[in-house]
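Just the one chain here, laid out as structure tokens, in the form predicted on its own.
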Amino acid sequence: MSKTFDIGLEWLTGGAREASALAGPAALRALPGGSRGTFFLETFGCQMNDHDSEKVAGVLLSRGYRQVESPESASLILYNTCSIREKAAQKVFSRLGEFGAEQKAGRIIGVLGCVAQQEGEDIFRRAPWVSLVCGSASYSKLPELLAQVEAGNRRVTGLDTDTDETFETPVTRRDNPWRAYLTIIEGCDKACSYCVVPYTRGPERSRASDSILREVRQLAELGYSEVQLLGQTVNSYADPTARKMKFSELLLAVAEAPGIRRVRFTTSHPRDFSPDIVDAIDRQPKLCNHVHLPVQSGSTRVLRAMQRTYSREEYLEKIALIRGAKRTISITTDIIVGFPGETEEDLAETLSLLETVKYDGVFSFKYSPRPHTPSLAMRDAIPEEEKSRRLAVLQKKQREIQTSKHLSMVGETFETLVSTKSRRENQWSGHTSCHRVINFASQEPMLLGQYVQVRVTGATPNGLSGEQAP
């Protein structure tokens, strides 16, 4: 079930209620399934890309398009892309290559997001059948861009990044009926040597606190109980209004909205992670006890080459802040192996960091050279086979840590937001406040969207199993 948001707009489609949410000014009043045809939208990348696709889908629905499940049955095909790693970018051009000379007459194809921003108009050269190239900072202009495409213009671009109009689109379609994403800061100023985000998303721009809080209240009125604040560096938030609300103050204010039961945030940057954030989590139980704090490497030498603005020791000081909280806060991270010049000693320091911190989860990747980044010119590139070996070593170590942590939770009881019903009879799945997945048994006929107590009875490296507590 999805909810589509718009100020004062509510419609019925096929018997299912499509309630709307505000993501900006009043939307066009066209109903879904109008005369403009069908669209297919595929998303690559992170949660911010997922939320961007919700915005894009909302705009299309409000213009009279109807969403379909396959590109073959769509008159408008859009790929919302990620360029953080080379493999993700390659997938997009692989998809585009499936059309080519066999492109169906009258069908429109568009590339959105980071690859669109990174490659720009060169996409038209590589795939002449593409009609729309639009970066994430231009989504608020999608109605105008689509109008140009619909009028027959076959090379339409939206590639500006020097704009504050990046948070709101005329209408946003929400894909999850209980949890809502909100972008509070766009872009990045950190200039890590391997990262293309400053180029594809632009500089940091923060959304006004009153706009954020107004949307949170309206989301709660529509029945959403969990909100997740998003940003490439979410804790670098700088309120542009006279109120100058700090990130920790914003977290507390969001949690105070009536009807909101959980507040999450991602992704934090270690440089801007401060004690007041931990204090806020301690003070307000609605703030989820989970922090995603990317480290990228356990070696200070590699961190300096990455231009990460902190040392191993300084990062561990941030971890100590979190571990010193009154509540138990789970910690997850990102790690890159095989950065140019990384030695076996550097890898050993990263492995020792895993042992020291004992992360609850790690998103690990092989270094991927990206266009427009300083690391492209660095010497001592690591062979692909060696990067794969190092990644396997790191992932094996982390599986051992997660297995041990999960086994220690057997017998504990966690409040769980139920989000999935299994095909197996009486089996459900959901997330705890500390961001762990629990698969559990219950005889209740309908639990989706409810918060239930689940007792852990089993564990694997990737999750927990249990049964609903009486």
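Being a predicted model, the structure only gives us computed values, none of them experimental. Start at 1 and count along the sequence shown; that's the residue number.
This next part talks about the form predicted together with S-adenosyl-L-homocysteine (SAH), which is not shown.
- Of the residues 84, 219, 185, 347, just one reaches S-adenosyl-L-homocysteine (SAH) in the model of the complex with a heavy atom at 4.5 Å or closer; this is 84.
- For the options 131, 138, 209, 232, the residue carrying a heavy atom within 4.5 angstroms of S-adenosyl-L-homocysteine (SAH) in the model of the complex is 232.
- From the list 140-148, 246-254, 187-195, 122-130, the contact stretch for S-adenosyl-L-homocysteine (SAH) in the model of the complex under a 4.5 Å heavy atom rule is 187-195.
- Not displayed here, S-adenosyl-L-homocysteine (SAH) is approached by residue 294 to within 4.5 Å at the level of heavy atoms in the model of the complex.
- Proximity of residue 366 to S-adenosyl-L-homocysteine (SAH) in the model of the complex: non-hydrogen atoms within 4.5 Å are present.
- The closest heavy atom approach of residue 264 to S-adenosyl-L-homocysteine (SAH) in the model of the complex falls outside 4.5 Å.
- The closest non-hydrogen atom of residue 390 lies beyond 4.5 Å of S-adenosyl-L-homocysteine (SAH) in the model of the complex.
- Of all the residues from 303-319, the single one having a non-hydrogen atom no more than 4.5 Å from S-adenosyl-L-homocysteine (SAH) in the model of the complex is 308.
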